[in-house]
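First comes one chain, alone, set out as C-alpha cells in the form predicted on its own.
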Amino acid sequence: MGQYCFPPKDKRETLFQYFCGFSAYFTYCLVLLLFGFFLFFAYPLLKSGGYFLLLVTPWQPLAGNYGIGPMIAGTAVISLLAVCLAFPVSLGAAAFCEAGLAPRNLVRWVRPVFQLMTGIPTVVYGFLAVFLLVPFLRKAIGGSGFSVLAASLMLALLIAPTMILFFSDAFRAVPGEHLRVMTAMGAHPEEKLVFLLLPQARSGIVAGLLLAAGRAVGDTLIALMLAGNSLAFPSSLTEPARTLTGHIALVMASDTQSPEFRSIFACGLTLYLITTLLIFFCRRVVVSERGKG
C-alpha cells in the first residue's frame, strides 16, 4: 500500500497552505475590524442611550434631532416589498427551468441570461428606471414618480436573478434517484415539483431568499436614484422615502464634520447588525435542515 501514498509536502505546498490560512484569517479579521470601527464611533451614542433614541426619532437637524427612524422605515418597506415581488417570480422561473417544465434546449439559453443579469452594474438598472419606469409611474399614479414603489420594483429586478440561481442550484441538489423513482411511478413534472423538489430544496430556497433580502437592504444606488430621498416616514407606496444606505451617501457627500455626519455611524452599525442577523438566520436554517437530513 505504501507505493500508493502521496509524497510528503514540499515547500511550495506548505507555502500555499500558509497563504490560504492567512487569506482566511485576514478576511475574518477584516469583518471584525469593520464591526469594531462602527462600534467605536457609535459608542458615545450607545453609552448615553442616544443610539436607541435615534432609531425612533425623525431627522430634524435644525432642531438638533438626528434620528434615523424614517430611514429605517424606508429601508424596511422598500426591501420587504422588493423581496415579496421578486420571490414568486424567481421561484416560478427556477421551477420552470429545473423541474422539467421547459425544454432543455430552452433552459440552456435562459440560464446564462440569469447569470449575466447578476453581473450588470446597479447603476445601469437605476439609469434605465429613471428614463422608463419613473415616467410610466408618473403618468399612471401621479406625483413625481420617484417613490417607494419605483425603488421596490427595480430592486426586485435586481435581486431576482440571484434568487433564481440559488433556487435552481437547490433544485439541482435533489438526488437524481428520487426523481427517477417518481418518474417511474408516473408523476408529472408539476407533482415532482410540489411533492419532492420544493420540500427537499427548502433550505436552499430560504438561504437564497435571505441573501437576496440582504442585498436589497444593502443596495445604495437604486434607492438613491429612485426612492425620492424624502426625510419623512413613508406613508404610502407612491410617496418618496429614504433608505439608510442612501442617507449615508447623501450626508457624506455634503459634510464630514457636522453632527449629521457623526450620526451616520449609527446608520452603518444598524445596517451591519441587520445584515449579520440575516446571515446568522440563514446559517441556522441551513444547519437545521442538514441535521434533519
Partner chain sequence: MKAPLRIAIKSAAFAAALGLCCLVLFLLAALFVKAWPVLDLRLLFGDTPPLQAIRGVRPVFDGLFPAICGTLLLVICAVVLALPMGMGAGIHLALAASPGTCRRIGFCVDILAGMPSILIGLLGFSLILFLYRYFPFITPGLLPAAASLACLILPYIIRGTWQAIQTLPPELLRTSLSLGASPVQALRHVLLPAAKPGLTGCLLLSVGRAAEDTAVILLTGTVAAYGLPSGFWDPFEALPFFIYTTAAEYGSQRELAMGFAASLILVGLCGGLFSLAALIRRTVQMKIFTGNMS
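So that the term is clear: the rigid core is the largest set of C-alpha atoms that superpose within 1.5 Å between two forms. Owing to the predicted nature of the structure, the values given are computational and were not obtained by experimental measurement. Numbering follows the first chain given and starts at 1.
Omitted here: the form predicted in complex with the partner chain. The next part is about that form.
Inset, instruction - Answer with one of Leu55, Leu237, Leu39, Ala249: the residue that has a non-hydrogen atom within 4.5 Å of the partner chain in the predicted complex. - result: Contact check passes for Ala249.
Inset, instruction - With the partner chain left out of view, choose which of Gly176, Pro121, Pro199, Gly142 has a non-hydrogen atom within 4.5 angstroms of it in the predicted complex. - result: Of Gly176, Pro121, Pro199, Gly142, the residue with a heavy atom within 4.5 Å of the partner chain in the predicted complex is Pro121.
Inset, instruction - Verify the contact flag for Phe131: yes if a non-hydrogen atom of it lies within 4.5 Å of a non-hydrogen atom of the partner chain in the predicted complex, no if not. - result: Looking in the predicted complex, residue contacts with the partner chain include Phe131, since a heavy atom lies within 4.5 Å.
Inset, instruction - State yes or no: in the predicted complex, is some non-hydrogen atom of Val148 no more than 4.5 angstroms from a non-hydrogen atom of the partner chain? - result: Although the partner chain is absent here, Val148 would stay clear of it in the predicted complex, with no heavy atoms inside 4.5 Å.
Inset, instruction - Examine Tyr66 and determine whether its closest non-hydrogen atom to the partner chain in the predicted complex is within 4.5 angstroms. - result: Contact check for Tyr66: no, nothing within 4.5 Å of the partner chain in the predicted complex.
Inset, instruction - Answer yes if any heavy atom of Ile164 is within 4.5 Å of a heavy atom of the partner chain in the predicted complex; otherwise answer no. - result: Residue-level check for Ile164: yes, a contact with the partner chain.
Legend entry - in the predicted complex, segment of 88 to 96, 177 to 185, 200 to 208, 68 to 76 with a heavy atom within 4.5 Å of the partner chain: Careful reading of the contacts points to 88 to 96.
Legend entry - Heavy atom contacts to the partner chain in the predicted complex at 4.5 Å, residues of 200 to 225 in sequence order: Contacting residues: Gly218, Thr220, Leu221, Leu224, Met225.
Legend entry - C-alpha of Leu15 off by 2 Å or more between the shown form and the other one on rigid core: Yes.
Legend entry - Exceeds or equals 2 Å, Cα of Ala24 between the shown form and the other one, core fit: The answer is yes; the displacement is at least 2 Å.
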